[in-house]
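Next up: a single chain in structure tokens, the form predicted on its own.
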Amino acid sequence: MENKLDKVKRILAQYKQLHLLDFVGALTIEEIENLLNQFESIDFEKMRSLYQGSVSNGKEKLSNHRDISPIHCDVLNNYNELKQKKFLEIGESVLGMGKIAVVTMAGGQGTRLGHKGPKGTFNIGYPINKTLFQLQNERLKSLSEKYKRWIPWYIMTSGEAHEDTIKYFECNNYFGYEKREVFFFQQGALPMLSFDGKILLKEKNEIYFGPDGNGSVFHSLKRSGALEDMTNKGIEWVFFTGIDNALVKMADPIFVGYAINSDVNAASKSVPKKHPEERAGVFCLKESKPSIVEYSEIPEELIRMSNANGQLLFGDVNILVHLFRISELHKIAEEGLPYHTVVKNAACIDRNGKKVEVSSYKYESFIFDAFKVLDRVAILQVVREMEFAPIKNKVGEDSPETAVRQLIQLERI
């Protein structure tokens, strides 16, 4: 009977990946077993197809005006007080009935901030001295107390961050949040590939896996049982956000009410661009479907185009705040989303067993691709200074310092 190692060798030979076993002779039995177990999670046919797409398509780039066009965005401040009050009442009613769940996508590490550990455990600094997880926790806790029911909170981690994230919450007693209402689940991961299609080794007994993008949240929710848990709890709408934004309004009732009043299947928040050259993804119509185009993909001639009022035609920045009907999540999770090729530097093991840094292909799906399969999507532009303070850089723009300054100005300590 074919043993496990022989079976792996046969599969690797078929897909020209035998180099992954180059160092088996120098590994312990336990390390060999660990390596062989990693192969079970790899769909080699899928990886071959993704690589062929990378080679044939090259870097995705929008080349002409026909690819994209401006999208309509509603502006919250253009609604009068009576209308905004109506949105609030609708949202509060749904929250009060326990129909809202929250998903925080928090798989990243705090490396760029000089922080060792999951980004959500990063303390944003004096005088606030709270972590990003703590800020989100306190806002959800406040809402839960106001509406007299816990809002189910689903936190997506990565393989690298999962155990540390759970340990962090346990060590802090969930900051007073109801433990039974916090559900941790992991996003997917795909092997990183060299430019000649070879799967990379991170260590001699470890495949180099990379998180497969925030778009994997839908499939990960289903695979982990989180989506079933939501359904069993009677959830109707799911609020999604990332971990970077220190000003995010968790499960914002006005936003929820706006989406329900607009009779849509999904809604997103945007903020105006600071200036035409801001390095941020913006909302648009792509092939007549709602989408987001990254700053690196938008044609130069479109960046500064404006309407008669002087407003940028492509000036609504994606702040990673989305709302979906749960029925749509089931559909998206079943159909899946396309993968995009991203070029990343990877510190990997070369054929001589030495650690080297190479350019590689990483494959990611993006949450906004889900809009393409939905019938009705609405976008609500909100005030940047009140709702968007991303922490991406250690110093300068979009840093802890700028976020703390905004929080203090809003007295959200």
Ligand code: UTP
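Take the two forms, find the largest set of C-alpha atoms that superpose within 1.5 Å, and that set is the rigid core. We number the residues from 1 along the sequence you see. Keep in mind the model is a prediction, meaning the values are calculated, not measured.
Unshown form predicted in complex with uridine 5'-triphosphate; subsequent notes refer to it.
With the partner omitted from this view, the residue of Leu190, Leu337, Ala267, Met156 that lies near uridine 5'-triphosphate in the predicted complex is Met156 [heavy atom within 4.5 Å]. Among Arg405, Lys392, Lys9, Lys16, the residue placing a heavy atom within 4.5 Å of uridine 5'-triphosphate in the predicted complex is Lys392. Contact check for His322: no non-hydrogen atom falls within 4.5 Å of uridine 5'-triphosphate in the predicted complex. Though the partner is left out of this view, Gln186 does not reach within 4.5 Å of uridine 5'-triphosphate in the predicted complex, counting heavy atoms only. The shortest heavy atom separation between Val317 and uridine 5'-triphosphate in the predicted complex exceeds 4.5 Å.
Taking the partner from elsewhere, Thr111 is found to have a heavy atom lying within 4.5 Å of uridine 5'-triphosphate in the predicted complex.
Using a 4.5 Å heavy atom cutoff, none of Val102, Pro152 and Leu221 lies near uridine 5'-triphosphate in the predicted complex. Residues of just one listed stretch (324 to 332, 225 to 233, 112 to 120, 300 to 308) have heavy atoms within 4.5 Å of uridine 5'-triphosphate in the predicted complex: 112 to 120. Along 193 to 223, residues Pro211, Asp212, Gly213, Asn214 each place a heavy atom within 4.5 Å of uridine 5'-triphosphate in the predicted complex. Put the two forms on the same core and the Cα of Gly114 is off by 2 Å or more between this form and the one not shown. A displacement of 2 angstroms or greater separates the C-alpha positions of Val342 between this form and the one not shown, with the rigid core held in common. With the core held fixed, Val217 shows a CA shift below 2 Å between this form and the one not shown. Compared with the form shown here, the Cα atoms of Gly110 and Ser296 move at least 3 Å closer together in the predicted complex. Legend note: Cα of Ser216 to Cα of Gln109 is at least 3 Å closer in the predicted complex than in the depicted form.
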